[in-house]
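One chain comes next, on its own, written out as structure tokens in the form predicted on its own.
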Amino acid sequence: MSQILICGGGVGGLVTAHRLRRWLPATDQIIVFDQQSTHTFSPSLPWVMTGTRTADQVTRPLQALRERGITVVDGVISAMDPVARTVSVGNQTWQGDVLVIALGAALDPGSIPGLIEGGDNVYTLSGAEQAFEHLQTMDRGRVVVLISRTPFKCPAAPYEVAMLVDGYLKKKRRRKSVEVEVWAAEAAPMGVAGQVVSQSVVAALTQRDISYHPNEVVTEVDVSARTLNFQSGRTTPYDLLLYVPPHRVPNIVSDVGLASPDGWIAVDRHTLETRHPNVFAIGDVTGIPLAMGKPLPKAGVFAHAQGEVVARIISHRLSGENGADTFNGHGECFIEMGSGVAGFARGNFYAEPSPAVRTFRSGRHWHAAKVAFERHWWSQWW
């Protein structure tokens, strides 16, 4: 009997657990550890922000995985040893034949003075719900969508937020009296995907009269004055602040020495194995350099694909079969644009010398495709 320990019940951890349960003997144990009792489908959070989804529509209890033969342990991981492949929660310790680290990126809004008190964190369910409450009464003033630091997960999400706010206010006939702006710590939207993708997003913002301010790193949110202060010396007022918080590696990863100099877990870019045998890391917790010098974006589509690959590698190893599954760097992304319209891009991020990404003409069909994808996600895994 083998035991596989999976730290994290997000996209990558969930896919890995399900695939292993399908491919391994019933006597093998698959254990998922997560400090949250629910799985939240993050791509739907912008819809929560605009009131087209509720909390119960974008979450499911992780304990439901037990019905699929997967053990779930709720609680904060207090210790982890990648050499011995052990995980501890409270006073109980598990040892695995294989360890998969899928802990995602930790959100750290407290590292910027005033950020928590001054705005709504649209990368959390509670923050998206608060944003919706505030939007309902927003009839004049300025909405600022802030990308506080890079890297951050879901590169399209903040731009989706801005355009969905625009669409929501237009629907309520309040857009003419409300300004919408994006202030970003990055040089261009979704820059790793290439200039064509970046320009298409900027064009979409411009078409909707959404001001875009790149290369602006916020240093402080002055809550009393309701202003943002930036490293450049610029300031901007706001009436509603919707922010992407700084991201960092989870503390437990740093504590056990798995974080590389760039702050994330280094892995083999094809197998996702760390420097420790039979210890894998997938998803947002990893740092995978691309040929162009920038890292692979942190996105659910990559976590999903990596989970599939790692599960296949593990199943081959434990069964003694030959197998050469590898992660190829391919990914795709929807971008909601408001008013029932969405865009779509797809490509090979491992291409050299730079990612080869194709954009498709935006339209209502891509919005319908994203809705269908959300429905498929729940039907496939729950």
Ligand SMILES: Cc1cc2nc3c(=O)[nH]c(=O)nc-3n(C[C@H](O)[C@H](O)[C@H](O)COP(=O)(O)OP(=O)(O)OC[C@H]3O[C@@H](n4cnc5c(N)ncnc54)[C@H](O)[C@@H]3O)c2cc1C
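Numbers for residues come from their place in the sequence shown, where the first is 1. Since this is a predicted model, take the numbers as computed values, not measurements.
The form predicted together with this ligand is left out here; the points below concern that form.
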Within 4.5 Å, heavy atoms only: does Phe349 come near this ligand in the model of the complex?
no
4.5 Å heavy atom contact, Ser42 to this ligand in the model of the complex
yes
In the model of the complex, Val11 touching this ligand (heavy atom, 4.5 Å)
yes
This ligand contact at Tyr123 in the model of the complex, heavy atom, 4.5 Å:
yes
Partner-proximal stretch of 176-184, 142-150, 294-302, 223-231 relative to this ligand in the model of the complex, 4.5 angstroms, heavy atom
294-302
Check for me: heavy atom within 4.5 Å of this ligand in the model of the complex, for each of Ile77, Ala102 and Lys370, yes or no.
yes
Scan Ala157, Val279, Leu242, Val218 and let me know which has any heavy atom within 4.5 Å of this ligand in the model of the complex.
Ala157
Which one of Thr326, Ser354, Gln35, Thr54 is close to this ligand in the model of the complex, taking close to mean a heavy atom within 4.5 Å?
Gln35
